[in-house]
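Here's a solo chain for you in structure tokens, the form predicted alone.
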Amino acid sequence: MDELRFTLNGQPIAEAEAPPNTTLLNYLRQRRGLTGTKEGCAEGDCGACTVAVLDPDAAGGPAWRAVNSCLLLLPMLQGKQVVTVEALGSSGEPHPAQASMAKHLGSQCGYCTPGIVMSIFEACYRRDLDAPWKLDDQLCGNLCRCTGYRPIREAAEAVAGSCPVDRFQGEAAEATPVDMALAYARGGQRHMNPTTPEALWALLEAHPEARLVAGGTDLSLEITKQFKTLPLLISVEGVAGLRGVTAVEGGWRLGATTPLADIEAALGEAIPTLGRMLRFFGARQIKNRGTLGGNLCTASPIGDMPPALISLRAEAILGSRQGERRVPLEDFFVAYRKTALAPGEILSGVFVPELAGLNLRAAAYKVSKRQELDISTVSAGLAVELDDAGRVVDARLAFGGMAATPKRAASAEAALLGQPWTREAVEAAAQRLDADFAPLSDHRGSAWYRATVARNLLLGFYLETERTPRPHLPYRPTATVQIPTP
């Protein structure tokens, strides 16, 4: 079997002993003695383990991406470049991210500081930090319980987008697509990285019991939090043709292995429904690794993307050796944690049609106990189309957290059809949601709470879209205190 080959802090690594389930975090600390990278939560929530990986296929060109090393399995790094906080600079010549943190007094106990520095490191080389929310988003995946966020944000603001001309900028400029091909086995564990569709079909036929993985932001938790051993993983991350956002006839094709950060960058403005949902989907580190296909194929009833996409008439593109077939996305989810994928099939991508004319009203909502870095209690993707007389000719009201699968509210939709788009009609339709859903009570919310929130979201959707048919998410600072300058 192959060796694992990647570059760590500028040095080539050929690893032949670490089991495939080894996380990059544990490898750095236990096998390489690079203890600047810390373990906090081991589930991608705290940011203490943040490192940077050079992504040659990033939207807009090769880029350094801040990621959670606790969720990265070593085979996911095949052919890639990794940088940890130890390699950024020295005491005599710190990296701008380090110097800015020191200058603005952004560190106290220091435990979280290396991860924060690595998030600011990514910010240094980004050219798209053109709105305050984007800086919030860059930092929201890093917890600090000592210093407070104001000096940390000031440190990030001072260097964000500065694009220093240094070796990291040079490495990104010279980056080319990497070959992730790998067949690696150690300690009773196997990890396969096919790079062509043909190789993938052959592996699926030979190993129908294998688990598929892409970004690993969900599946890796079985290793880090449930302490499972995953004996055979097949990664689709390196398979040609599965990544990217492409304009096609009638809409867009979103590749299944496209990181959510790339989808947000490509379509967040063009399709506000997606931009609204992706803003609070997760931390920047999660969106840099988490993929659209992974979010859909987990078939979670509280997955964030399904309601938004269902409301937009999205279709799942299913691929196999025999070719591709399409199903409406709402039909992709057949039961709790089960999809319409047949043996030997994968989710190749999602087709999102072009938005209808000016009479389309569309938005998405996520309700959780906290605004950032939290799992939905209830989510919704809502869209209605009106005729020239202001009557509803189409309604697509999709909810998450209300049933065993992401689901449309058929009764509420029927109540709206043919009706004028008025508050009275919307309030009447909202009462029909009780016929569509019988939500469960759990630690995130009671059945009563979920039902009440769902009704309020439909009414709120009407109120919000009265003036702006497809509203963008307004900026509301959460992790910082904003004091106007006199």
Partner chain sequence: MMTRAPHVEGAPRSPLHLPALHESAWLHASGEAVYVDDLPTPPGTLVGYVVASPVARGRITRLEVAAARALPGVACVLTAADIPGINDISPFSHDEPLLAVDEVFCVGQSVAVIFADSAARCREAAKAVVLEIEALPAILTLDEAIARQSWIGQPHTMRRGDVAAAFAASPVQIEGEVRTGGQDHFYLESHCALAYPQEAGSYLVLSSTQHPSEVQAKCAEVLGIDRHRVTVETRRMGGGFGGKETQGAYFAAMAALGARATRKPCKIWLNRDQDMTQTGKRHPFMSRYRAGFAADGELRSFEVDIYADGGWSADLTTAILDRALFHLDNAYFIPNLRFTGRACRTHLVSNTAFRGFGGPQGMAVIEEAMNTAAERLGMDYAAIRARNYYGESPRDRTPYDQEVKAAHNRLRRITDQLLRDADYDARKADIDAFNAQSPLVKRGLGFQPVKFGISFTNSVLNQAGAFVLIYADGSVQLNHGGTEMGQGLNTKMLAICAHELGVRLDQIRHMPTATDKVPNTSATAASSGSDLNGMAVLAACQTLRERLAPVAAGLLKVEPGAALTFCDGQVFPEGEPARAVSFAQVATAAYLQQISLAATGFYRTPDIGYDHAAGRGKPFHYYAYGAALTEVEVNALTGEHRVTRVDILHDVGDSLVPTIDVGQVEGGYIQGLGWLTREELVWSPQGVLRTHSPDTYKIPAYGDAPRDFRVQLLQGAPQPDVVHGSKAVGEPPFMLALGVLAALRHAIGAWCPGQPVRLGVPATPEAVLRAVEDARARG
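No experiment lies behind these values; they were computed from the predicted model shown. Positions refer to the first chain, counted from 1.
One more form of this protein, predicted in complex with the partner chain, exists but is not displayed; see below.
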Handout entry: Close approach of Val117 to the partner chain in the predicted bound form, 4.5 Å, heavy atom
Key = yes
Exercise for the section: Look up in the predicted bound form whether Arg65 has a non-hydrogen atom within 4.5 angstroms of the partner chain, and give yes or no. Expected result: no
Handout entry: Partner contact for Val350 in the predicted bound form: the partner chain, 4.5 angstroms, heavy atom
Key = no
Exercise for the section: State yes or no: in the predicted bound form, is some non-hydrogen atom of Arg150 no more than 4.5 angstroms from a non-hydrogen atom of the partner chain? Expected result: yes
Fill in the blank from the handout: Answer key, the partner chain contact in the predicted bound form at 4.5 Å (heavy atoms) among Lys225, Lys338, Arg211, His207: the residue is Lys225
Fill in the blank from the handout: Students should find that, of Glu122, Asp136, Asp262, Asp304, the residue having a non-hydrogen atom no more than 4.5 angstroms from the partner chain in the predicted bound form is Asp136
Problem - Output flag, Leu28, Gly60 and Gly290 jointly within 4.5 Å of the partner chain in the predicted bound form, heavy atom basis - result: no
Practice task
Have a look at 428-436, 414-422, 65-73, 42-50 and name the one stretch with heavy atoms inside 4.5 Å of the partner chain in the predicted bound form.
Solution key: 42-50
Practice task
Select from 102-128 the residues with a non-hydrogen atom within 4.5 Å of the partner chain in the predicted bound form and write them out in sequence order.
Solution key: Ala102, Lys103, Leu105, Ser107, Gln108, Cys109, Gly110, Tyr111, Cys112, Thr113, Pro114, Val117
